[in-house]
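Take a look at this single chain in structure tokens; it is the form predicted alone.
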Amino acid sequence: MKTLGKLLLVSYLLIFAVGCADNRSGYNPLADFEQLDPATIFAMPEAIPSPNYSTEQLQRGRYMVGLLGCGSCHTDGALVGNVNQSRLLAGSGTGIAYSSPFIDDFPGIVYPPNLTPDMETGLGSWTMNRLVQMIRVGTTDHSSRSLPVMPWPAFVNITEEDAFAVAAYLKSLTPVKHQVPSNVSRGQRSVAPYVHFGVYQSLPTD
């Protein structure tokens, strides 16, 4: 979460919402929101020993995933301060809005995906090259950019060895079946909860 906070210039504003009302005159866009304290410090799961990767690589990958704060978004309940220990790194049922609640009645929302190697709901079918590419430059096999809530620009200087260690660690986790909600396009109403991150500067007064 520290990495995410630095990248997005996150303020102390963290709010939980199931939707926004219209932006009529005099309406407070935060009136329907509840302020929460996210969970940012908790242990990452152990990897399963693998003949494909060294113990040192798996230990390094676990360390890097903890250091980069991946679990703070990709663990169910962490964004709302109630970590589900059975779903560490298995995706979040709470999404993150990537447009402003002060502008959009219904912001665009991304639901952090399952990073465990479950074949149906996680990264089980991903190649190592695809994982390393996503970690380092935020692109998929089709070269589309990740949404800005994924802090890949902060990871661009990660070494090839560290990116590979992260990928090896994720591929060696115990698979957890957990399907997160679908991402929501800007202007569409979400049926699943989400949070907002952002910095909002007050206008100068006369």
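Not measured: the values here are computed from a predicted model. One-based numbering along the sequence shown.
The following text describes the form predicted in complex with heme C, which does not appear among the structures shown.
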{"query": "Sole residue of P175, P151, P181, P38 within 4.5 Å of heme C in the model of the complex, by heavy atom", "finding": "P151"}
{"query": "Candidate site M44, V80 and A90: all three near heme C in the model of the complex by heavy atom within 4.5 Å", "finding": "no"}
{"query": "4.5 Å heavy atom contact, F106 and heme C in the model of the complex", "finding": "no"}
{"query": "Contact flag, L68 vs heme C in the model of the complex, heavy atom cut 4.5 Å", "finding": "yes"}
{"query": "Heme C contact in the model of the complex: A165, any heavy atom under 4.5 Å", "finding": "no"}
{"query": "F155, heavy atom within 4.5 angstroms of heme C in the model of the complex", "finding": "yes"}
{"query": "Within 96 to 123, the residues that have a heavy atom no more than 4.5 Å from heme C in the model of the complex", "finding": "I96, V110, Y111, P112, P113, L115, L123"}
